[in-house]
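As structure tokens, the next two blocks hold two forms of the same chain, structure 1 and structure 2.
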Structure 1
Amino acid sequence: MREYLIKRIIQGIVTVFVVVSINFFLFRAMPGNPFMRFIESQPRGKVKEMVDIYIKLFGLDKPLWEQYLIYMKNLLVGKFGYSFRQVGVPVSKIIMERLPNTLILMGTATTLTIIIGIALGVIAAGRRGELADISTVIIGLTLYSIPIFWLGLVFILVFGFWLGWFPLWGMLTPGKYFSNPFEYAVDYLWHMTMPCTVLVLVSAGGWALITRNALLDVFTEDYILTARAKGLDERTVFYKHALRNAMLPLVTMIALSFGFIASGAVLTETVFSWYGIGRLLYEGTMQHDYPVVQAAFFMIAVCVIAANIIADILYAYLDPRVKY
């Protein structure tokens, strides 16, 4: 177990290293240098002297390998460099401002998704072939097929524009004065309701299906037959024998779903102007602010990789049959 843990963590570090390297070289593979792209995207066009100063400032005149070494060294101590756009602002500061918003939104949405999805899947599997099961499959597949950003637009149109129940975007009511933290939290949560609901709706269907199929898989196993032959009642068979074993593939699916969650975060945060890491990645890309883009991608990738490692370790811990 201990050996496996170490092996798995080393593997994770290698993965991060590869992703970080891709992250570095991708922007250097662009024609011209990254800063020129940024300058060209500015309304005033290029100013020769200014460009030269900035290229020196950001170290873009150094040889590629030296830039790479500096980049790696800085990452190790948590430095992401400086933003092209917001001159003099360290990217790590921007990231730190944005990170809590993403963690709160995605954490809430993911927790709700998993609970609702698993509950629906359990209900469907228990009634295999009945109406509740068939509608779960069809609705689940359809929800999975809805583009998340579009569902966000529809929600803004219906619940924001027409009904006026929820704000159209943002995280806090502009210009509002909060007399205590509680008021602040209420306003924050009120803004979070729509993006969170959209995220849950789109992903819960997939969860229900995975749970249902995992349970049905388990039902074909011999130990379920044994449990029934022993005379255990269906309830015990279902919860003590079937569900517990079906949780194993679910843990793997939780890990794999983090990539999907990251994609959902970028689109949902963009649609609802939720100032998190996902929206930062989008803004940075649009503004050619590459240090910000690199850092945002790095944060997302590290979270996904870490989640994968945790899920793998959890799996090994939960399943006594797995020997490493």
Structure 2
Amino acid sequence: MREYLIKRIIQGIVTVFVVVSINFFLFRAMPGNPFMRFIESQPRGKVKEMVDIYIKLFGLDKPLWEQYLIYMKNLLVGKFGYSFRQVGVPVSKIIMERLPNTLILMGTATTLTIIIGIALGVIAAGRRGELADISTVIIGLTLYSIPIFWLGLVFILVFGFWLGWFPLWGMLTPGKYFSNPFEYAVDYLWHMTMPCTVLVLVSAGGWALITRNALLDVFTEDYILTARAKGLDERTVFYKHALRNAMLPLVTMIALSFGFIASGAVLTETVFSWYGIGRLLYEGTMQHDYPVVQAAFFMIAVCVIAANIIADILYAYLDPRVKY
């Protein structure tokens, strides 16, 4: 077990190194100058001179290999540099301002998605061919096929604009004074209801279909036939033998889903103006803010790779048939 764990950690470190290297070169291959849009929005002046000043200030006048070494050296000591767009503001400060909002939204949505999706999948598999199964498959496929940004816009139009049940955008009511943390939390959750619901609706259908198919595959195994031949009742066969083994492939999916929490939901956060990591990635990409986007991608890569390692260890622990 120790050798397997060490091997997976080393593989994870190598993977992070490769991802970080690609992360560095990818954004520098993008067309355009990261400072032009910022400078052109300022009063007219000597644009070229200002661009040259910013390029020298952020070290972009150095050779690419030297920039890469500086970038890797700073990462090792936890420095992500300064934002190109918000000059003088550390990237780590920008990330930490957005990260809690993403963790709350995505953490809630992911947890609800997994619980609801697996529950619906279990019900559908247990009643194969019946109305519950057919309805779950149709609804699941329909929701899974709907573009999340389109569903978000529909929610804003219907529940926000027409009915007025929920706010149209943002995380808090502008200008509202909160006398205590409870009022703040209520207003925050009120704004989070629509984006969270959209995320759950689109994702839960896929989880339901995967759980259903995993259970149906397990039903064809010989040990299920043996359990029934031993005279075990159908409930025991379903929950003790079928569901227990069908959950094994879902372990990896669950771990990766929580690993991707830090990445946010780019489309959902953009549609609902939710100031999280997803919206930050969109803004940083559009504004050529390399340090911000690189730091966000680095954080996402580390979380996903760590979740993958944890999933592999859990899988090997839960299934004795898997060899280390």
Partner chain sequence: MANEDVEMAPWKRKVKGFWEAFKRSKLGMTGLILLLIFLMIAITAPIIAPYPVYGPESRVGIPFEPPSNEHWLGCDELGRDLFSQLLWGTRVSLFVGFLAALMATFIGLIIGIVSGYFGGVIDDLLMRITDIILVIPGLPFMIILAAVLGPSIINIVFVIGILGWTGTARLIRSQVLSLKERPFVEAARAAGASDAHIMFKHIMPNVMPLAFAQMILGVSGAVLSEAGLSFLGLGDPTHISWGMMLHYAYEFGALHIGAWWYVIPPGILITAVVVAFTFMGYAFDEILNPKYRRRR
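Because the structure is predicted, anything quoted here is derived from the model rather than measured. For the two forms, the rigid core is made up of the largest set of C-alpha atoms that agree within 1.5 Å on superposition. Start at 1 and count along the sequence of structure 1; that gives the residue numbers used here.
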{"query": "Selected structure - the one that is the form predicted alone", "finding": "2"}
{"query": "Large Cα move at Ser263 between structures 1 and 2, threshold 2 Å, rigid core", "finding": "yes"}
{"query": "Cα displacement of Val302 between structures 1 and 2, once the rigid core is superposed (Å)", "finding": "2.5"}
